[in-house]
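Next comes just one chain, in structure tokens: the form predicted alone.
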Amino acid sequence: MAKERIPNEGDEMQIDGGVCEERVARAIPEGFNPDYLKIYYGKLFPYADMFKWLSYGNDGKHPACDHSYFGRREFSFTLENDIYIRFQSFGSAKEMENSIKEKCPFKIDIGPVYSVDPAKRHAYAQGGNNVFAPVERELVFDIDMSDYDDVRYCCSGADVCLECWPLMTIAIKVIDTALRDDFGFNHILWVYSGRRGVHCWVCDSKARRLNNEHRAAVTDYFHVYKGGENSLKKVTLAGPVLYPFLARSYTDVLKSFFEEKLLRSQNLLASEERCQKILGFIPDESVAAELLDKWQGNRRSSISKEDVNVVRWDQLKHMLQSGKQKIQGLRRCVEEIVFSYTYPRLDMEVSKHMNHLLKAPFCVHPKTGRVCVPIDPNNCEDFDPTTVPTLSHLLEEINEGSMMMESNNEWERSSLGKSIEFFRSSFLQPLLKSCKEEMESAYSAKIKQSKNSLSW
């Protein structure tokens, strides 16, 4: 067996048949490193599971299998120095594995399944047949924390912390519930982006076959946050009552999160500037002025030991929703404020088009070194982005000798193991079971139809 060298600022450890020949004293430096990535792709990346997922049962021996299916999927690689390679395709899991190991991409993006092999698209074009077009693609959603910069005060840009990350948790809860309950989708994969957001892959066959018009319709269903960068009021809730999806989201998720968590963690009403921002949602200037005067009086009297954010929010709710404020627009302001601060902010264009690329699960983010691991939507409040495995941590586990023995599943003895096992048991296995059932049902119907036509 060839020896691999794991870099460590001048220190080296040799791996040969599972024997640690030199124990490294210092921990592997944090951060992203191409040499670390090469070892990750060589030992830990779950090629077989990725292949099975993106084959959707077409890698089997059933007569209904389309063995060209995986080979018509586009992969895009971003290499070192931002070299970008699109329209990669692979005929097998081994071919995909060999290409990734050879090129060591800093980023892998997944595109649609095309009508023909994307790597051979030019040959088809020369033949005079304009047949190169996307025919299947998961319905995907991309939610980025930087889009919440106007409502979080702990971080900005690419930075995240445990005070603002719950905004991503809320987004997962709202979108996942609607996808399952309102649209009837079952096979949904949530993935941490590796830095500041989350990605969602809806993998049901009926989702994969949606055309762009249908995708836009699904996306518009979630389109509540509509304000521009310079617009204060980014949410307008029309009508006398919220329609069921919004009412459920508000009652079950958004209201309690805003009042019990976000108000305090972001100190939304702790300064005059932040107070003025929330008062800007109130169209009646006299009501806003009366509230501001009350809050300034609170400040002068140092009010009670209660949290100032909670006290001021209760005062706002009482004034806007009391008996004398019967005007629908004023009563609706409370809900609009909550939606503006908490409702999921989707990158709409990502979801609307079949040919949009999205980063593959289990990639490593080149800025943080963190692996893009799946998130359990049923326990998403327990997900902590600061504890996600990094390249350096995974290599330390290798150095400690816990993974030295030859095995086809070296990830089982790493901190990545739980993530891959969750991907496999909670997402992949149910998905493949469904794919098999659909394939057998369609094939049986086809055979039956063929027999009926012959008997006729």
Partner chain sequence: MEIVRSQRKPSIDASPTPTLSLYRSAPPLEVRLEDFELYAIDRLRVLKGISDGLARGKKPEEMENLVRELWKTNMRHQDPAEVMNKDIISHFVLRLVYCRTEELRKWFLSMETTLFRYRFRLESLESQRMLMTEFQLPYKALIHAEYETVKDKLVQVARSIGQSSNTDTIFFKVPFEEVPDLVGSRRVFILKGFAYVPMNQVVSLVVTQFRSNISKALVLTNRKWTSTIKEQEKDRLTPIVEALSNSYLGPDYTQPNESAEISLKDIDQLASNSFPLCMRHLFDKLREDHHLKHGGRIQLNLFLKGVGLKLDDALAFWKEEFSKKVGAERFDKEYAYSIRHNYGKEGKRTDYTPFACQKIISSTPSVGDHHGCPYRHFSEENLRAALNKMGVGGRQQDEVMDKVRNRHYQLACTLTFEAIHGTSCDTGINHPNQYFSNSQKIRQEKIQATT
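Residue numbers count along the first chain shown, from 1. All values derive from a computational prediction rather than experimental measurement.
One more form of this protein exists, namely the form predicted in complex with its partner chain; it is left out here, but the text below deals with it.
**Student:** Each of Phe185, Asp220 and Pro240 within 4.5 Å of its partner chain in the model of the complex, by any heavy atom, yes or no?
**Tutor:** Affirmative, all three are within 4.5 Å.
**Student:** Looking at heavy atoms inside 4.5 Å, which stretch does its partner chain contact in the model of the complex, given the options 314-322, 373-381, 206-214, 351-359?
**Tutor:** Checking each option against the 4.5 Å cut-off leaves 206-214.
**Student:** Check Lys294 for me: does it contact its partner chain in the model of the complex (non-hydrogen atoms, 4.5 angstroms)?
**Tutor:** Lys294: no, not in contact with its partner chain in the model of the complex.
**Student:** So in the model of the complex, does any heavy atom of Glu95 sit within 4.5 Å of its partner chain?
**Tutor:** Contact with its partner chain, no.
**Student:** Can you work out whether Ala247 and its partner chain are in contact in the model of the complex, taking contact to mean some heavy atom pair no more than 4.5 Å apart?
**Tutor:** Output for Ala247 is yes: heavy atoms within 4.5 Å of its partner chain.
**Student:** Asp149 versus its partner chain, in the model of the complex: is there a non-hydrogen atom within 4.5 Å?
**Tutor:** Asp149: no contact with its partner chain in the model of the complex.
**Student:** Using a 4.5 Å cut on heavy atoms, which of Lys101, Lys120, Arg331, Arg180 is close to its partner chain in the model of the complex?
**Tutor:** Residue within 4.5 Å of the partner: Arg180.
**Student:** Which one, Leu189, Ile110, Val224, Cys155, lies within 4.5 Å of its partner chain in the model of the complex by heavy atoms?
**Tutor:** Going through each option in turn, the one that passes is Val224.
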